[in-house]
Ligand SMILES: Nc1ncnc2c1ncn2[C@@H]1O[C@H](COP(=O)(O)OP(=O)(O)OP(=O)(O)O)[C@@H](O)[C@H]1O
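Take a look at this single chain in structure tokens; it is the form predicted on its own.
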Amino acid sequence: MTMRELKQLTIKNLIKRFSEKEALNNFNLTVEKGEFVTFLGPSGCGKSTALNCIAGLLPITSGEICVNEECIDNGIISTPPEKRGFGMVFQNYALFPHLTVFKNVAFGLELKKTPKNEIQEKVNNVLKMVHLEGYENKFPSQMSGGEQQRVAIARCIVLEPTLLMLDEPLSNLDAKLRNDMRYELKTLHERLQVTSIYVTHDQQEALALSDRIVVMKKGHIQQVGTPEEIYSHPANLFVADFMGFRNIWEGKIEEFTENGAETKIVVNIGGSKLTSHTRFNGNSRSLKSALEETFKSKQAICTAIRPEDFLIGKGAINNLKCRADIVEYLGQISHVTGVLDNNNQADFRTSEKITSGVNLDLFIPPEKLLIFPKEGNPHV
């Protein structure tokens, strides 16, 4: 079966095992036409395995993969990779070293017995699209990493795939080139509007490129949401920690009060009382229930606060005293690591000039203080 158009990709209850190890567990996801979806997580979380199962490069153990509500893989019947109409860009580019840029990009078209004049036109068009005009007769060894990556992308999109899959395509590039290529990928996606699934462990890449992000841990989906939802409203402590929330301190809830749409939670962290003002929406109601249960059973909780959410000075509430130990100059801001008067370590960022050894007053805006049950805490 050859796919003509992808209106919707649906993955239902997907499980993938390698011997006794379960690499994917109950993976469920729907990707709509034109979406840019990123699989994000640490090494070994199953994101590349999920991509390879969708591509048909790995057999699934159970579950179902459907395109436009038609099953292409259920573990028993499986459409071959070459007939799925999908395209893959690999981490190591996988270019043919003995072929020129033109021949590398034309390779798939030649396999499909595309007429020569059509190959010439399509390859020229796609090389222009990735800004590689004039590179037709170069070999991969004569090109930079970023240029090779563009060739790999061109070779994929020249076949007009219904789904573009990219497996950590920027991980071998230096920081500046990664940023440049990130911009190129974003521009290319907006121009082509091809449905895309992107795999990365880089939070900034995921936030910059995605319509939606799928955060994964040990084969399980932890949260699916827009970049803003993932960044500002993590579903659990793992997502918060992975998305840059530091300052994970253990404590207990002393007060849990609902006031209209807002919930006031007072926590005791090593003798310091801190207040959180939180609005739990539909996606976070399960977290609210878990925190209520934690309050009733007097179990431990953990805070999560971004370094950039601290303010220097005194506020009406949530005041802490801190001794700055290490100051790292980062240009416009400094990252400071210090010790609070309750003996917890604090990481915060500021544009103010701070020196090691100085004592500071810090306060935390109550809407910036996130609270999670201790279970699954990566630090405690």
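Residue positions are given as counts along the sequence shown, with the first one as 1. If you're wondering where the values come from, they're calculated on a predicted model, not measured in any experiment.
Quick note: we don't show the form predicted in complex with this ligand, though the next part is all about it.
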State the residue from Leu362, Ala23, Leu9, Ile371 whose non-hydrogen atoms include one within 4.5 Å of this ligand in the predicted bound form. Ala23
Consider the chain as shown here, without its partner, and state which of Val37, Cys45, Cys322, Val67 has a heavy atom within 4.5 Å of this ligand in the predicted bound form. Cys45
Among Glu32, Tyr183 and Ser210, does every residue place a heavy atom within 4.5 Å of this ligand in the predicted bound form? no
Please name which of the stretches 329-337, 308-316, 37-45, 350-358 has residues with heavy atoms lying within 4.5 Å of this ligand in the predicted bound form. 37-45
Does this ligand get within 4.5 angstroms of any non-hydrogen atom of Glu205 in the predicted bound form? no
Consider Glu168 of the chain shown here, and say whether it contacts this ligand in the predicted bound form, taking contact as heavy atoms within 4.5 Å. yes
